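First, one chain by itself: the form predicted on its own, in structure tokens.
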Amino acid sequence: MSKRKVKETHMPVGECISQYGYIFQVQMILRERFCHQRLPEKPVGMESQHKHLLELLRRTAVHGESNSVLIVGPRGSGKTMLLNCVLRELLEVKDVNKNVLPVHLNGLLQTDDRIALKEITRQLNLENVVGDKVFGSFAENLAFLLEALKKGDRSSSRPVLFILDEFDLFAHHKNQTLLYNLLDVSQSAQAPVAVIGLTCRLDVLELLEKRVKSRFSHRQIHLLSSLSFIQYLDNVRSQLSLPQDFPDTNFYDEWNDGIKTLCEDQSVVDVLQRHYNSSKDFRSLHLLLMLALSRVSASKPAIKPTDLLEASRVCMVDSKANILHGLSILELCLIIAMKHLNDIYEGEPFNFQMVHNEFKKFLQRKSHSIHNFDKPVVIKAFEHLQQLELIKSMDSSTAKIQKEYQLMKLLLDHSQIMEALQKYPQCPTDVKQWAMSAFG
């Protein structure tokens, strides 16, 4: 009898260990999928763009023909993925792999031409060649770098692919020297160079100076996210499903059936629809799925609709509305006064004096419920709102204008203010009513 009891108590423990092992494997597989996005075999839905870009870069890499091209599309539309797929295919060719030198620059990191030139020198491994040489101009320095890349016979140079991420930010550099010189080299055929710009601004050409624009080939590859919600939902299912080579077939079937049921749940469909409407970007989707996955454990071995709802709430949390919960009643009253001024003057800028007058009107009507604050205290509260970046100054020359009369703009919308008031702990009823009234 006792032996049988021992056996019965040990069985669930063994099952629990194997269950824990499978859950650990699931988390490892899916986390790797979400964090280290692998390139697809072929970019889906952008075959013509892939073919065009590949042909363009092949002409530079194989035939030494210089080119320039812009890849334009919203964030998350697959610009970087398309370029990486093309580069992977290009570098698989033996001769190309030995010769081609890709140089990656990012407008967020290389904020001026001096930093960009240092980065180009570093990526081309020419620090020792440059040494302590002093150059008269940017063009001279770049010409020296490209000259140093020439082969032993000095007749042909190694092809260089300049990849400029956040291309529009390079247009804000002084005199656009980097862009001018790179495009000038690509146009004048001094060396085989391809300049590939990635940007999400459709008006990027309007940012370029006339001399820069005239040297650009005006080739543009446009990527527009044509993903339908059904495709988006299928992608969620495939991202959460386990691969066929998972060691335990029973667990594999159970998990994938659970994911299929999850994606058919109406509350989950509503959450995903909301995310799809705000952003079709797979990075934001992966963040949502990662948060849902983190709630899975051996005791709860499946993703439930409540997990996705909670993950969505965390993803879509409004940081500015959260700041409002920590404001004093005086600061909240000033925000409401600004909201009323926005309603009256249809979003026109306001100054402290206007806000103070609006607040005084409210105090005269409801003096019994709100303390009458002195003007210096109200100014201090107004300045605190500016420090929190809930309001911002519209005047560039602030030194010439008195603090009370500097024009300001409210950086909150009506819904954020009303939502914060509902959640504000022990908010006076008069303040809530004032906020809900049409015009103060």
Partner chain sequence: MVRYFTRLRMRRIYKWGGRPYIFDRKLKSYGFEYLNMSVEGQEAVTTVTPGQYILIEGNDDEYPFVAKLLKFFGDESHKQKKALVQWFLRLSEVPQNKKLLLGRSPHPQEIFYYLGRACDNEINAESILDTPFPEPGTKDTLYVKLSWDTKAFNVLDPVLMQDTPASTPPKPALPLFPPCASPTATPVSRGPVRRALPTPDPTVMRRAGSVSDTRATMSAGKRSTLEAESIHSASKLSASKILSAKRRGSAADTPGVRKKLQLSIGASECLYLRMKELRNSVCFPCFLIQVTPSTPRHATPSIPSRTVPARQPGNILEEARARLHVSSVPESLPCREQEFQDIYNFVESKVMDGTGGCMYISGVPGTGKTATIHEVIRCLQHASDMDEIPTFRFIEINGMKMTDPHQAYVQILQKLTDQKVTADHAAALLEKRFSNPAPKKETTVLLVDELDLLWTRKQNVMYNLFDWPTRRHARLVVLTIANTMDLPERIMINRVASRLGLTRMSFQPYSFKQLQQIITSRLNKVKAFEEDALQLVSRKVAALSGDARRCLDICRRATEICEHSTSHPSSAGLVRMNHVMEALDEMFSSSYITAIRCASLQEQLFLRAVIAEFRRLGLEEATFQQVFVQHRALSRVEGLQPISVSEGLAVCQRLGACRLLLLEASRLDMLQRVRLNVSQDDVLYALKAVRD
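This is a predicted model, so every value here is computed, not measured. Positions refer to the first chain, counted from 1.
If you look for the form predicted in complex with its partner chain, you will not find it shown, but the lines that follow are about it.
Shown here without its partner, the chain carries 61, 157 and 277, all of which come within 4.5 Å of its partner chain in the model of the complex through at least one heavy atom. Interface residue among 409, 403, 380, 33 relative to its partner chain in the model of the complex, by the heavy atom within 4.5 Å criterion: 409. Between the options 260, 88, 122, 218, the residue in contact with its partner chain in the model of the complex by a heavy atom within 4.5 angstroms is 218. In the model of the complex, at least one heavy atom of residue 415 sits within 4.5 Å of its partner chain.
At the 4.5 Å threshold, heavy atoms of residue 325 stay clear of its partner chain in the model of the complex, well away from it. Although the partner is absent from this view, residue 177 contacts its partner chain in the model of the complex, with a non-hydrogen atom inside 4.5 angstroms. None of the heavy atoms of residue 42 is located within 4.5 Å of its partner chain in the model of the complex. The stretch among 247-255, 291-299, 358-366, 209-217 whose residues place heavy atoms within 4.5 Å of its partner chain in the model of the complex is 209-217. Contacts between stretch 73-106 and its partner chain, counted in the model of the complex as any heavy atom lying within 4.5 Å, involve 74, 75, 95, 98, 99, 101, listed in sequence order.
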